[in-house]
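There is one chain below, alone, in structure tokens, taken in the form predicted on its own.
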């Protein structure tokens, strides 16, 4: 392929879609696999990054949202989201001529709230210190009995959509794939996609905020353990109370372990991605890199892929993080 043909292919890929694709694989963008040489050197690890920052709506969530929206009969879909699933669902519904209602915490990044609205979604803000997202969703479900109440992670259609990323990573035969964990939709999907491809060698390891470590505690106890409330980690996409039931069914045996990442290491990972990989990463997406900072000895001598889940970070938060403040 000529240089000009490469450029044409890139610009075609970068254009927003304006009509309904025929299938999930026609809708998603393949993940961007990066060999960050300076970051490799800094960490001393044979490292690749699978970046979903260039996926439609800036995160992996489009894979799940489009798959769910295209498979359900309902014309209105109601969900709760800290932002990435919300904007992905809003965009998917726009493509499919459906309606999206998104319950979002008032503390959600403004960039994510704005994006939901720009894609035609209706935002319903909630103060989670007074009322949970689930409670507000239940109220709205009574007002909109025609709507499908969708989970951002605990749904087989969501897991199947995310499995498309695991399928893409499977042929590379990494020793370890490190995946951020919130509700477990992505990690379950990656396990499912890698195994469905016939790869039984690659280990899938979760990366979870230490202050919201319900998934790690669940693995240790062999049952779903819940946080008392939404953990106020800087990784806002991981502010979940517990793993989903569908996710747990896959993760209880599918995960090789979970690294519990302190807040300082999440912040350091955002900064390192910018300085050493020239990559804008939101805190949740940086959890996988943060796992390398937290347990570097675990990954010595191994061929590792860090999944960076998205880049939708509030500008003021990002300015503070990359400035080291």
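Only a predicted model underlies this, so the values are computations on that prediction, with no experimental measurement involved. Positions refer to the first chain, counted from 1.
Keep in mind that the form predicted in complex with another copy of the chain is not shown, yet the notes after this line are about it.
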* Asked: Pick from 275-283, 63-71, 296-304, 252-260: which stretch has a heavy atom within 4.5 Å of another copy of the chain in the predicted bound form?
  -> 275-283
* Should residue 118 be classed as touching another copy of the chain in the predicted bound form when contacts are defined as heavy atoms within 4.5 Å? -> yes
* Using the partner position in the predicted bound form, report whether residue 33 sits within 4.5 Å of another copy of the chain, counting heavy atoms only. => yes
* Any non-hydrogen atom of residue 174 within 4.5 angstroms of another copy of the chain in the predicted bound form -> no
* Any non-hydrogen atom of residue 265 within 4.5 angstroms of another copy of the chain in the predicted bound form -> no
* So in the predicted bound form, are 82, 107 and 218 all sitting within 4.5 Å of another copy of the chain, heavy atoms only? -> no
* To do: Output the sequence-ordered list of residues from 156-195 with at least one heavy atom within 4.5 Å of another copy of the chain in the predicted bound form.
  => none
